[in-house]
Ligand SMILES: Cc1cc2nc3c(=O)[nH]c(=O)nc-3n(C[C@H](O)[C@H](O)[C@H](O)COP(=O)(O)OP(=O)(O)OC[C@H]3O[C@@H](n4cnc5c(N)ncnc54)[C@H](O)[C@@H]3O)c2cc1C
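Here's a solo chain for you in C-alpha cells, the form predicted on its own.
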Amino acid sequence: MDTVGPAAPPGRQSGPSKDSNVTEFDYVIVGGGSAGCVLAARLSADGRQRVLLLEAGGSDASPWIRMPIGYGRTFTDPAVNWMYETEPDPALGNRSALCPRGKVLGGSGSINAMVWVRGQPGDFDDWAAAGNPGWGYRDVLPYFRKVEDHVLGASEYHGAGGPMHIRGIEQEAHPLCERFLATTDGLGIPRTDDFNGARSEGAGLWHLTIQGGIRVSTATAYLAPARRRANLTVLTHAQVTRILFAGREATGVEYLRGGTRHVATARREVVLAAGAINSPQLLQLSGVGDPAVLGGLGIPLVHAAPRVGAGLQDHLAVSYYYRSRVPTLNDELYPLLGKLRAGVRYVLTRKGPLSLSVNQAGAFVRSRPGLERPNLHIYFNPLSYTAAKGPRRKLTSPDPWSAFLLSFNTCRPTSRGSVAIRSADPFTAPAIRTNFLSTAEDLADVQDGARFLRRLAAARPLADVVEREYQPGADVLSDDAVLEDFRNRAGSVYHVSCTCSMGPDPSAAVVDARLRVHGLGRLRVADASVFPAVTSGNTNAPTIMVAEKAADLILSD
C-alpha cells in the first residue's frame, strides 16, 4: 500500500488534481480480483476499447498462492490480504473477527479454498423474484457454463473449454471422506457427484479450481492471456482513492501509485469490481452514500444512496472436532518429516495433500421437515487445527494428534450487517458490522446444525473411528449450552456480499438489474457486493458469473 497520506476530500473538485498524471481510457475497472480480471479480459477482447485495470495489491506469482494448500498461509498474510477486522459483535460475545480479502491480482480468488459451488438454483430465482429480470437460474446458467472448463465435460449444466478449469478429487480425496459419505448414505442423504448439476442437494466431494496441482484463479485463467493485448493496461499497487464526477456522471478515478497521485478518465464507464468491502467504501469516499454518514465526516454529497454499504451478508460457521482412531491429514502434515515429504512430492509430481484443498467433502441438507430446499451447508475436513489458537491460526499447523472436523453454516442467513467508512482518509479501514444471529431463523439453524453434526458423528461407519468429541465436548448438550458455544467459537467462512445490492428501488438497493448505480451515469458495480442475498454456498463461482454477465451488459449498452 502506498503511504503518501490521504487524498483530497472527494467532491471538492470534479476534475483531475493539478498534480495528477492524466490518462484516458474507454473503461476504467477498479479492482483486479475475481470479477475485475474477468471484466478486463472481456471488455478488451475486441482490441478496440482501451481498458485500464487498477489493483491495489501486487502480483499473484507467490508460490503460496499457486500451491493449493498455501491458502492456509495467505489467509493471514498482509502482503496479499487486506486483513480487515470486523467490529465486535454482541452475538459473538463481543468478539472481533478476521475478515480476509484478497489484495492481489485474482483478489479473494487467489487466497480462497478453491471450492467451486454456484449455489442452489432457487438462490438465483429469488434474485429475479426480487425485481431483477435476467438473473433467474435459467438466465445465469449460460454464464456459468461459459466460465467453465469442467472435468465432467460439456452438458446442460456445464461448459468445456472455458477459462476456469474445474477438477474432481475422487482419486485423491482422503480415505476418511468415503467414510463420511457412507455415513450420509446410511442417514438417507442422497449422494451427488455434482453439486452444480442436476442434484445440488445431498452429500459428495467438492469440485475445485485446480489444474495440474496449481490454483486456478481469474488472474491466471482470464487476465494472464489478456495481458498480451496492446489495448489493456494493468496497474498493480494502484489504490483508487475516489471516483470523479461531472454532475451525476462518473468521468474517471483518482488513484495513488508509487507515492504519486494519478487520474484515469473513462470515456465510456467506470466499473467498480473492488469487492463487498472496498466497492461500498469507495462509493462513500466519493460522496455516494448515506448523507448522514458522509456529512458527519465532512464528505460533500454527490448522490444520496442510503443503501450503499447496507445489507451485508456472510456465512457464519462453527466446527466440531473429533479425535480419530485412524490416521488423518494431521498425521501427514503435522510432523516436520511429513511436511518435508509432502513438499518434495508436490515439487516433483504436483500431487499429494499440498495439491488439494483441505475442504474435500460435504453436503447440503434440510435439517427439518417443511423446508423447500437445503438450509445447512455441511463441511467435512480430514484434519483439525485447534492447537494453534486465535483468529490468525494457520491451517498449515494441524493438531499433533489424529483428528477431523465437521462444520456447518446456514445456507441463506437472514441477518444483515453493514460496511461504513470511519474517515475521509481512503487508507483508513471501514467499519464492518456483521450483526450475526439477529433473526429467529438464524438462531434456529444453530440448533439444527449442532444436532446434525452430532447425528453424523454418532452414525456408522464414521462413529467407528471417533474416539471422542474434544471440541466443544460432551458437556455442551443443552440448547443454551450449544448456543453459547456457537457464540464463543463461530467464525466467518469469508463469503461477505450484498453491500451494493441489486434491486429496482433506489431506496432499497444500490444498482439496477443492469448493475448501473441508481441515479448516476456511466458507473456500475460488478462483484459480490451486488448480490441481493448471499448464495447458498461458496461465493467465488457466482462472483465470476456476475462479472461475465456484467461484461455482456456493458458491451450491449
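Numbering starts at 1 and runs along the sequence shown. These numbers come from a predicted model, not from an experiment.
Beyond the structure shown, there is the form predicted in complex with the ligand, which is absent from this document and is the topic of what follows.
Enquirer: For Thr543, is any heavy atom within 4.5 Å of the ligand in the model of the complex, or not?
Expert: Flag for Thr543 set to yes.
Enquirer: Val104: heavy atom within 4.5 Å of the ligand in the model of the complex?
Expert: Close contact exists here: in the model of the complex, Val104 approaches the ligand to within 4.5 Å, heavy atoms only.
Enquirer: If we define contact as a non-hydrogen atom of the residue within 4.5 angstroms of the partner, is Pro430 a contact of the ligand in the model of the complex?
Expert: Judged by the heavy-atom cut-off of 4.5 Å, Pro430 is well away from the ligand in the model of the complex.
Enquirer: I'd like to check something about Gly417: if you look in the model of the complex, is any of its heavy atoms closer than or equal to 4.5 Å to a heavy atom of the ligand?
Expert: Gly417: no contact with the ligand in the model of the complex.
Enquirer: Among the candidate stretches 43 to 51, 522 to 530, 61 to 69, 501 to 509, which one is within 4.5 Å of the ligand in the model of the complex when only heavy atoms are counted?
Expert: Heavy atoms within 4.5 Å of the ligand in the model of the complex occur in 522 to 530.
Enquirer: Report whether all of Leu176, Thr410 and Leu462 sit within 4.5 Å of the ligand in the model of the complex, measuring from non-hydrogen atoms.
Expert: Checked in the model of the complex: no contact with the ligand for any of the three.
Enquirer: Of Gly275, Gly362, Gly309, Gly449, which residue is found within 4.5 angstroms of the ligand in the model of the complex when only non-hydrogen atoms are counted?
Expert: If I apply the 4.5 Å criterion carefully, the residue I get is Gly275.
Enquirer: Exactly one residue in Ser108, Ser217, Gln313, Thr328 has a non-hydrogen atom within 4.5 Å of the ligand in the model of the complex; which is it?
Expert: So the residue touching the ligand in the model of the complex, by this definition, is Ser108.
Enquirer: Who in 231 to 252 is close to the ligand in the model of the complex, meaning a heavy atom within 4.5 Å?
Expert: Result: Ala238, Gln239, Val240.
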